[in-house]
Ligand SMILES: NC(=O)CC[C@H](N)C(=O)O
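One chain follows as C-alpha cells, the form predicted on its own.
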Amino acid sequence: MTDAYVAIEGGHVLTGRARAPGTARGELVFTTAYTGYEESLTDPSYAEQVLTFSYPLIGNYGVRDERFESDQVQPTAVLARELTDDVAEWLGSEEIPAIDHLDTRDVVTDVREEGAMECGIAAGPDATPEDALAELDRCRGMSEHTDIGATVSVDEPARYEGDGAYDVALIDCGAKGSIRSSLMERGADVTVLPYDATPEDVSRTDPDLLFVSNGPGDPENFEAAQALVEEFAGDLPLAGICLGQQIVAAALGGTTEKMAFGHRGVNQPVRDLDSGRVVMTTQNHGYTVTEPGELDVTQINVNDDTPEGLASDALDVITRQYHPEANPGPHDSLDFFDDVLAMADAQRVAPTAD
C-alpha cells in the first residue's frame, strides 16, 4: 500500500490507498450511481472535478471502451471505497490519480452538509499531506473556469451521418456521445460544432434543429452558446440537455445559480407537471435554472422542486435538465428525442407568410 492524501477545503486531510499515482485538484463531488462507472468517468460534465463514488465497489464488470461517452477520462481524480484492478489500471494509463480505502460515506456526508468543496489530491509512493494541501491552495471554484468549454469541445466541425431524415446542429459544450447517437438512431445527420460557434457557423449547416449539449461549469461562461440561442430562437427549433437547458434559459431571460452539491446519480425522480407521471432519471449537474424567463417549467425534481424540463410552444423550445440518453439507464425518458425531432417535422409543414 502506498500513501494517498485528500486535502479538503478548510484544511482537513484524509488518508487512503493510492491506486493510480499523481497530483490533482478540483471541485469535490459525488455520484450515487452503482452502475455506469465507465460512462460517468468519461462524461465531460465532470471536467475540473474530483469524482467520489458513493457505491462501495467500482469496477466489478470490467472496462469496455464501447461504453465510453468521450475519448478520455474526464474527472481530475477519482475516489472510492474500493476500486478493482481493471479500473485502477485504466485510470493509471490515463494519468488520473485514483485513491481508494476511503470511508466514502463520510466524504458524501461532508459534501451534502457543506456543499461541493475544493480539494487537492496527492497519491503515490512519494506523496505527502503537504503535496495535497499545495494542490488545494491552487484549486479554483467552478465558476472561475471561464473557458472550460475549450477543454471539452471539438476544435472543428464534425459531421456524423444518420439516415438523412433531419439535419441537427449540435453545439458541443462537452457533449456525451450518447446524445449524438440518440439523434442518429432516429434518422438525424448531426453536425457537431464547437462551443464558441458563431451564428454564421450554424447557418452554414442549414439545420432543421439547434441542440445545445451538456457540459461542465457555469452556464454564464458559455456566452457564445447563449448568443446562438438568442439569434435563432423563434426561427429554428431549439433543444438542450443539462448545461444546455441552463444556457437556453439564460439566453431567453432566465437566471441560474450554483447548487449546494448538485444532482449526480441514476436515481433522481422527476415529475411531469402536465401528466403527473414520475420517471427516474440520470443527472450530473451543479447549476440549475432559478427563473425560466420566456420559457415554461414543464417538469420538476420531486426532491427539491428545481426545474427539470422547460418549453415554449411559441418559440419551439424543449429542454431537459437530466439525461434522457443516459447509459446504462434508466431509459424512461428517451421519448424526449422523438419530441425534439417532432418540432423539426412541425416546422417543415407549418404555413409560411406570402
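The structure displayed is predicted, hence computed values, not measured ones. Residue numbers here begin at 1 and follow the sequence given.
The next section is about a form of this same protein that is not shown, the form predicted together with the named molecule.
Peer 1: May I ask whether 211, 237 and 319 each come within 4.5 Å of the named molecule in the predicted bound form, counting any non-hydrogen atom?
Peer 2: No, because 211, 237 and 319 lack any heavy atom that approaches the named molecule to within 4.5 Å in the predicted bound form.
Peer 1: Since exactly one of 286, 309, 292, 324 fits, which has a heavy atom within 4.5 Å of the named molecule in the predicted bound form?
Peer 2: Selected option: 286.
Peer 1: Give me the residue from 120, 75, 217, 97 that has a heavy atom within 4.5 Å of the named molecule in the predicted bound form.
Peer 2: Only one option qualifies, and that one is 217.
Peer 1: Looking in the predicted bound form, any heavy atom of residue 31 within 4.5 Å of the named molecule?
Peer 2: So residue 31 does not count as contacting the named molecule.
Peer 1: Check whether residue 188 has any heavy atom within 4.5 Å of a heavy atom of the named molecule in the predicted bound form, and answer yes or no.
Peer 2: Answer no; every heavy atom of residue 188 is more than 4.5 Å from the named molecule in the predicted bound form.
Peer 1: If you check in the predicted bound form, is residue 243 within 4.5 Å of the named molecule, heavy atoms only?
Peer 2: So residue 243 counts as contacting the named molecule.
Peer 1: So, residue 40 and the named molecule: in the predicted bound form, are they within 4.5 Å at any heavy atom pair?
Peer 2: No - in the predicted bound form, heavy atoms of residue 40 and the named molecule never come within 4.5 Å of each other.
Peer 1: Okay, which stretch from 86 to 94, 190 to 198, 243 to 251, 127 to 135 lines the named molecule in the predicted bound form, with non-hydrogen atoms inside 4.5 Å?
Peer 2: Contact criterion met by 243 to 251 only.
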